[in-house]
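In structure tokens, the next block holds one chain alone, the form predicted on its own.
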């Protein structure tokens, strides 16, 4: 009945064998050449208790070794990494993803029902993963949430792979010195809830302290308030990749309303999108603030300034040149120096044109 490794009556056909793990970019590390060990049926899955192939590797220099914790069937079932159990698409805990997408989780908790459920899942894995995910969780394809786009991680977070803090060093009893594989740092908060995490709570999306921390961060995020001047219909787009063109921005922003003009400045990594109607610009700013990702980058959305705020109304002054002494000729015209635009001028441009 049971398929765990420690029971006498087990079914070896249900054991899982794999050639490569299902892991996220953060757990895999930044080293393109990685050495990984493979142990067939090395451990039991911490969710379904089936023996599976365990992979172990070091994600980088001065990082701790990582290994797979759950089988690939459970990973497919939730679309999560086998090591950190975070969503593979958004890099977020399952609790936040299920709440944002309104996913109904019907995975059984008892051993017998869970075993039957996993067997049906293995047979359905012959289909595409998207169809299986939509079938078991009752969601529509291509459905995103503003909360997910605000909290989604666009780049790997390799700092998560650092070694744990040496408890002996904190007590002043570590004798390894520089050879100690653990970090010699003082903990920032000994009562941090992140230090007490449960892998089953992470998988089932219940009482996850990481999800609670991210939800608290989402509630404290600032909002983009529209300017009082109703004539402003221009949005400033920052952190734009150099390969993004006007047509790429138009293809995304046209859904919010009619666009008057789009101007991309690749050297400054920014662009300006001007709408015809103020209401359309407000909808675009509300829908894209902290959620717009193009070319693998999260774009910065701000309101533009009016032309009147860019110029300084100071009356011109006329200066009279002193008379040229006899025997001296008039000085020649100095050559103008052209300097390249740097990051400092990019920040100045942003401060001039953005609210």
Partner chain sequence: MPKIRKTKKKAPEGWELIEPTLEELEQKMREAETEPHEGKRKVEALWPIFKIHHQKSRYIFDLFYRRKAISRELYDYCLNENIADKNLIAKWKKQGYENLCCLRCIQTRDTNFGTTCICRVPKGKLEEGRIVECIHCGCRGCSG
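Predicted, not measured: the structure shown is a model, and the values here were computed from it. Residue numbers count along the first chain shown, from 1.
Same protein, other form: the form predicted in complex with its partner chain, not shown, and the subject of what follows.
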Should residue 36 be classed as touching its partner chain in the predicted bound form when contacts are defined as heavy atoms within 4.5 Å?
-> yes
Does its partner chain come within 4.5 Å of any heavy atom of residue 179 in the predicted bound form?
-> yes
With the partner left out of view, is residue 175 within 4.5 angstroms of its partner chain in the predicted bound form by any non-hydrogen atom?
-> yes
Quick one: is residue 62 in contact with its partner chain in the predicted bound form, heavy atoms, 4.5 Å cut-off?
-> yes
Could you tell me which stretch in 36-44, 295-303, 23-31, 282-290 has residues with non-hydrogen atoms within 4.5 Å of its partner chain in the predicted bound form?
-> 36-44
